[in-house]
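First comes one chain, alone, set out as structure tokens in the form predicted on its own.
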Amino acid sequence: MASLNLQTILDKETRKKMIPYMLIAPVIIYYFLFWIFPVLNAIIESFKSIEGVWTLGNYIHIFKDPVFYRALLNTAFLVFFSVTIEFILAFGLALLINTKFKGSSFFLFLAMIPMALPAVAVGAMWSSGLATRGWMNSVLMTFKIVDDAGKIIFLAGGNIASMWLIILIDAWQVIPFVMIILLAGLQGIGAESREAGYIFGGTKFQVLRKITIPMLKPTITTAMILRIISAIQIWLIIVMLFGFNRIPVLLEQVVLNVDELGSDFFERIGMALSVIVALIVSAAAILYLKVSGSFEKEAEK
């Protein structure tokens, strides 16, 4: 009888321990079927020729293609400048809204509107706006800044000018996203921490630099990693503004090979490119964690 009761208790304990695994099992199955399996399949197929022979030919083709290096440089330029500019502006706006000035809630609502728009809607809106007869020139003509003969041709600039235009459009949409993350982190910092800094004679800048930013570091790390990943993935707005290969970027080249060119050969090139992009994204995230000192903090724990 005692052994039966012990067995019943063990069975209850076992079932209790199994509950968390049973709850996450559907998610694990979903990720395996719709994420892990397709990713593994793409990696395997990227090392095969059209005939099914194992080869490095797809990767050799990519690394011999000058467009790949243009796309890599353009992506690096966009990531560095867009992430830097957007973080500085988003952090400033988060600090401003966190002061809870009169009308800050309405300002926050307005700032979040671009974030709610899908990339295709943003691309269509700015594509029509930046056209020679688009609404941007109409607004400028309304305020007598330009006349009909002096309309600005926004989309006719060189490579660098076009990328700065992309950064501005991307910042318009993405800054609210970064700002919300930083604002949530700021609101999680107790006011007593900052007040203690002021009591000990710190200026606003010193309190920000030595108290607020160090306490906000986990939030900043999260925001920066998410932003770096999304910046590497910019492509749809670029294609809608300039078309394919005018301003090549890495993810655009994946879409171009897989969807636009369409043959079996180019599909495999696209798979190989997607593997390279995934490695670059992972390396960028790991590098940022290393530079920010997150690994050292985990080791100390």
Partner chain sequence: MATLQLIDLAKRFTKKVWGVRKMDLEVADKEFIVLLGPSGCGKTTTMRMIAGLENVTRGTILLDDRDITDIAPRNRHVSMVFQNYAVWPHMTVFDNIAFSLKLAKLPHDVIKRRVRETADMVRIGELLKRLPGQLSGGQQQRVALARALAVKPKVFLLDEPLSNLDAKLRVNMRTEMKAIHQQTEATSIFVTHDQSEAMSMADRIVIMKDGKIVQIGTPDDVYFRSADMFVAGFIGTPPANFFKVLCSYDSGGIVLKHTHFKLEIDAEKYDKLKEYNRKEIILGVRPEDLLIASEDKAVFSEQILVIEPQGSHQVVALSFEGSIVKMVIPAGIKLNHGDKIGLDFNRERLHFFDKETEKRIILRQHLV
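Residue numbers count along the first chain shown, from 1. Please read all numbers here as calculations on a predicted model, not as lab measurements.
There is also a form predicted in complex with the partner chain; it is not shown, and the following applies to it.
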Revision key, fill the gap. Picking from 138, 132, 203, 187, the single residue whose non-hydrogen atoms come within 4.5 angstroms of the partner chain in the predicted bound form is 203
Review point. Considering the partner chain in the predicted bound form, which of 103, 214, 118, 150 comes within 4.5 Å of it through any heavy atom?
Key: 214
Revision key, fill the gap. Here the chain appears without its partner; judged in the predicted bound form, the stretch of 227-235, 156-164, 87-95, 194-202 with heavy atoms within 4.5 Å of the partner chain is 194-202
Review point. Taking heavy atoms only, is residue 210 within 4.5 angstroms of the partner chain in the predicted bound form?
Key: yes
Check your understanding: in the predicted bound form, which residues of 85-124 put a heavy atom within 4.5 Å of the partner chain?
Key -> none
